[in-house]
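One chain comes next, on its own, written as structure tokens: the form predicted on its own.
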Amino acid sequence: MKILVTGGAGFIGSWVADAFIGEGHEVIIIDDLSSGIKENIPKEADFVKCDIRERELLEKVFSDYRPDIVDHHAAQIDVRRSVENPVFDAQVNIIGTLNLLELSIRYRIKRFIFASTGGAIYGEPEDLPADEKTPPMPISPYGTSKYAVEKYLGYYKAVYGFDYIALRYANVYGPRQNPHGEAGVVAIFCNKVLSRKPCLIFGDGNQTRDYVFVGDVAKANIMSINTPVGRYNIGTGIETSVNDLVAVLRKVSGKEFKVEYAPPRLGEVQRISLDMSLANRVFGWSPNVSLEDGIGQTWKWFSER
């Protein structure tokens, strides 16, 4: 099949593009390279430099390539930036996605796979791990924009019979993650250690996240081609504190490094983990890479660059 991967020069998007190519699909990548890196683009993929807010250029891509599936990863992904500039966040994550959805209807796309967020959409749930029945209560513009898109997907499904999957990612990490332009504490810490600079933790370090390896996330996208319509958590169900993350990085790197603490940041949740049993039950997905193995792979990638 022809698969259009938006944001395919980025961290997660490039892994997803590689996975689709590995399965024998024809991949077209669009990316504005604002945070993505051209070197991440697989040589087997066609590439068009395009901002998803550019409706005319976007339509030309649909008209020229006639994709069967859209896998949508292009986004403003930084929680902090969304707090600082919620209008920009909405322009990219909502208006940009609506451009894709309108064109997907016009060009009869068979399936729309949406990279949503489980790490930000639930806010501060009382019960963890959060499952898909947990009421979304985002506390950042980023989480709010992702949830808004999910509601639009429901609208297009109700009105047009539109076929979609929303994958609610936990905190994705792994090789290729950009420690400068993209959110991702694992990449940031690896870069700091290699630069012999202290790792900065916002808050007391006891805040928790659910860290899922990017290769497992790519696998979820592959499996989503034939999955029943719906919203699915993609995580591990395990809470890991930032302090614990530091301990794992010290173990796999064999290095001692300095840690400094700063005040907590607005819009960031204190505790989150995702129940992924629905994805496991419905289409057989589960994470295979442990945190220690995944951070080991990530550290190796950064240290070899």
Ligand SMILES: NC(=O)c1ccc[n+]([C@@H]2O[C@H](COP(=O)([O-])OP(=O)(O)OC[C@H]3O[C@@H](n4cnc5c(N)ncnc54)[C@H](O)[C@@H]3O)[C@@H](O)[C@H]2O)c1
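Just so we're clear, the structure is a prediction, and the values are computed from it rather than from any experiment. In case it trips you up, residue 1 is the first one in the sequence shown, and so on.
Below: the form predicted in complex with the ligand, not depicted.
Peer 1: Please name which of the stretches 190-198, 162-170, 126-134, 101-109 has residues with heavy atoms lying within 4.5 Å of the ligand in the predicted complex.
Peer 2: Going through the listed ranges, the match is 162-170.
Peer 1: Between the ligand and 21, 45 and 218, in the predicted complex, does every residue show a non-hydrogen atom at 4.5 Å or closer?
Peer 2: Checked in the predicted complex: no contact with the ligand for any of the three.
Peer 1: Exactly one residue in 247, 266, 33, 57 has a non-hydrogen atom within 4.5 Å of the ligand in the predicted complex; which is it?
Peer 2: By the 4.5 Å criterion, the partner-contacting residue is 33.
Peer 1: When the contact criterion is heavy atoms within 4.5 Å, does residue 295 count as touching the ligand in the predicted complex?
Peer 2: Although the ligand is absent here, residue 295 would stay clear of it in the predicted complex, with no heavy atoms inside 4.5 Å.
Peer 1: Mark residue 116 yes when one of its heavy atoms lies within 4.5 Å of a heavy atom of the ligand in the predicted complex, and no otherwise.
Peer 2: Result yes; residue 116 sits at the interface with the ligand in the predicted complex.
Peer 1: Report whether the minimum heavy atom distance between residue 50 and the ligand in the predicted complex is within 4.5 Å.
Peer 2: Heavy-atom contact with the ligand at 4.5 Å: present for residue 50.
Peer 1: Residue 177 versus the ligand, in the predicted complex: is there a non-hydrogen atom within 4.5 Å?
Peer 2: Contact with the ligand, yes.
Peer 1: Could you list the residues in 210-225 that come within 4.5 Å of the ligand in the predicted complex, counting only heavy atoms and keeping sequence order?
Peer 2: Nothing in this stretch is in contact.
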